[in-house]
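Only one chain comes next, encoded as C-alpha cells, the form predicted alone.
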Amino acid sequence: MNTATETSLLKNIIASFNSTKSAEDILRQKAIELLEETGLPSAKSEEYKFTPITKILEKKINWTSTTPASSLSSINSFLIKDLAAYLVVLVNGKYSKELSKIGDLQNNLIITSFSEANASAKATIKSHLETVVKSEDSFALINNAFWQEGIFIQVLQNIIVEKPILVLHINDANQEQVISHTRLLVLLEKESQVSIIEKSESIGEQPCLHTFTEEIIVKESATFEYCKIQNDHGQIHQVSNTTILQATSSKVNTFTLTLDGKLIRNNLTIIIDGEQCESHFNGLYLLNGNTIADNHTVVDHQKPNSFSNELYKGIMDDNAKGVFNGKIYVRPNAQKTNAFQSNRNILMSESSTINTKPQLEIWADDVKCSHGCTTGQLDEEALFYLQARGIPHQSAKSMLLYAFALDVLASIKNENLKTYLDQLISERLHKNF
C-alpha cells in the first residue's frame, strides 16, 4: 500500500466520506476506494514533486469541519467591468440562483445547475459526466467523491452564443474555513460556438480548499474559448482538473491567468481526437509573496493533420514558486501533426524559484514538433537603455516586464475582457514587481 495512505489528512477524508450519504452513491464510492488505494501525493510523487500539497493541506485544512453558510449579498466587486455576460455564481460550492443572472434562455442554449436541471438535461448530464476526465489525480478523485454542485452548459448545433458565460466561484471564509468541490460540464454540439470565463474569488482570512473538475466536449467544427482568472487575495488552496475533448475541425483557445492564492494547481488536459483541429493554450503566472502556482498540461494528439501551440510565461518575485510541467503526446496514427510548446520565465529575486519540465513523446514520423523552456533575469542592458532616456528605474522595469507578458493575451477576442486582463497584469507589475 502507498505510504501516502497513512497521512492523517487521508484518514480524515475517508472518515468524512463514510459519515455521509455519499457512501451510497456507486460512482462516489468507487472514487473514494481508488483514492484510498493510491493515496495522496507524497514527496516521492513525480507529478507533485515540487508542490508539497499534502503537507500544506495537513497544516491548513481541518477536513472534519463543515462548510459554513454565507451571508454574501453583493458580488459587484468581483464582476468584470463593462462585460455583458451570462452570470453563474457559486458560493462555498453551492449554486446561488439569487446572485446569478442567466435570464430567459432560448432552447438552443442550456445553462443550469445539476440540481435544477430538467429531466432532459439530467439525462444528458448523466450520460456525459465522468466520460472525459481522467481520475488518476488524487484531487480529481476527491472531487468525484465529494462534489457539491455542478454547472451544465450545452450549446446546440449551429448556434453561436454572442455573450460569454461568466462562472464565478466565491469562497466566503469570513467566519470559518471553507472546503468546496464543484463541477463544470460543457457540451458544444456540431458547428456551435461559446466563450466561458471562470473566475475565482475568496473573502475573509480563514483558509479555503477548492477543488473543481471540468469536462468540456467540443464536437465537430465547434469553437470553444476559455479563460481562467485566478486573482484570489484570500487564503485559497485550489486544485483544478480540466479536460477538453476535441472532435474533427474543432477549434479551442484557452488562457489561464494566475496572480494570487496560497497554492494553485492547474491540471489541463487536451485530447485532440479528430483531424484538422486547431488548439491554442496560453498561460501567464505573475507570482510574489509565498504563492505557489503549479501548471501541469497535457496535449494528446490522437488523430492526424492537427495543430497545437502552447505558450506559458511566468514572473516570480519574493519567495514565490512556479512549476510548469507540459507534456505533448503524438500517437502513432497522428501523422502530419504540428505541435509546439514553450515555457519562458523571469526570476526577480534570489529566493524565487521555477521548476520547469517540457516533455515531448512522438510515436509518428511525419510531424513538426518542438518544445523548450528559458529561465533568466530581467535584461539589464535594456533596463539601462530605458533609464538612460530619462525613464525612472521602477517604470522602466515595469515596461520590460509588461512587454514580456503581453503576447499571451493575443488569443483573447472579447475586447472588454482583454482590457480587464490587461489592467490586471499592468497593475500587478507596477505595484508588486
Partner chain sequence: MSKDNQVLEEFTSKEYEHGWNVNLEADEAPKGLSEDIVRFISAKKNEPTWLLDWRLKAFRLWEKMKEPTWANVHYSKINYQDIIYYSAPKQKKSLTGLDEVDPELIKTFEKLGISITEQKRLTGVAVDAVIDSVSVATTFKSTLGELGIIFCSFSEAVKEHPELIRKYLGSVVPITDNYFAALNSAVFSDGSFCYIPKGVRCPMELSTYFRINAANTGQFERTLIIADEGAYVSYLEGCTAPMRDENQLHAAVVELYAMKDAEIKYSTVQNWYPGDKNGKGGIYNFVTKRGLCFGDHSKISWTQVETGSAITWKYPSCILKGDYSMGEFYSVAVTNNYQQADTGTKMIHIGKNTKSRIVSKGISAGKSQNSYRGQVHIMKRASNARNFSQCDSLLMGDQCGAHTFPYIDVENQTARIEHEATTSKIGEDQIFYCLQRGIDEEAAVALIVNGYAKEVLNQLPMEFAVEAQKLLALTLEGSVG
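Note that this is a predicted model, so its numbers are computed, not measured. Numbering follows the first chain given and starts at 1.
Missing here is the form predicted together with its partner chain; even so, the following discussion is about that form.
Interface membership of residue 369, its partner chain in the predicted bound form, 4.5 Å heavy atom rule: Heavy-atom contact with its partner chain at 4.5 Å: present for residue 369.
Any non-hydrogen atom of residue 271 within 4.5 angstroms of its partner chain in the predicted bound form: Contact with its partner chain, no.
Contact label in the predicted bound form: residue 357 to its partner chain, heavy atom within 4.5 Å: Yes, residue 357 lies within 4.5 Å of its partner chain in the predicted bound form.
Close approach of residue 373 to its partner chain in the predicted bound form, 4.5 Å, heavy atom: The answer is yes: residue 373 has a heavy atom within 4.5 Å of its partner chain.
Its partner chain: the contacting residue among 157, 175, 335, 120 in the predicted bound form [heavy atom, 4.5 Å]: Partner contact (heavy atom, 4.5 Å) among the options: 335.
Its partner chain: the contacting residue among 108, 131, 290, 349 in the predicted bound form [heavy atom, 4.5 Å]: Of the listed residues, the single hit is 349.
Candidate stretches 56 to 64, 29 to 37, 401 to 409, 376 to 384, one within 4.5 Å of its partner chain in the predicted bound form by heavy atom: Every other range fails; the passing one is 376 to 384.
Its partner chain in the predicted bound form: contacted by all of 49, 353 and 364, heavy atom 4.5 Å: Yes, the whole trio is in contact, each within 4.5 Å by some heavy atom.
Sequence-ordered list of residues in 383 to 397 near its partner chain in the predicted bound form, where near means a heavy atom within 4.5 Å: Result: empty, none.
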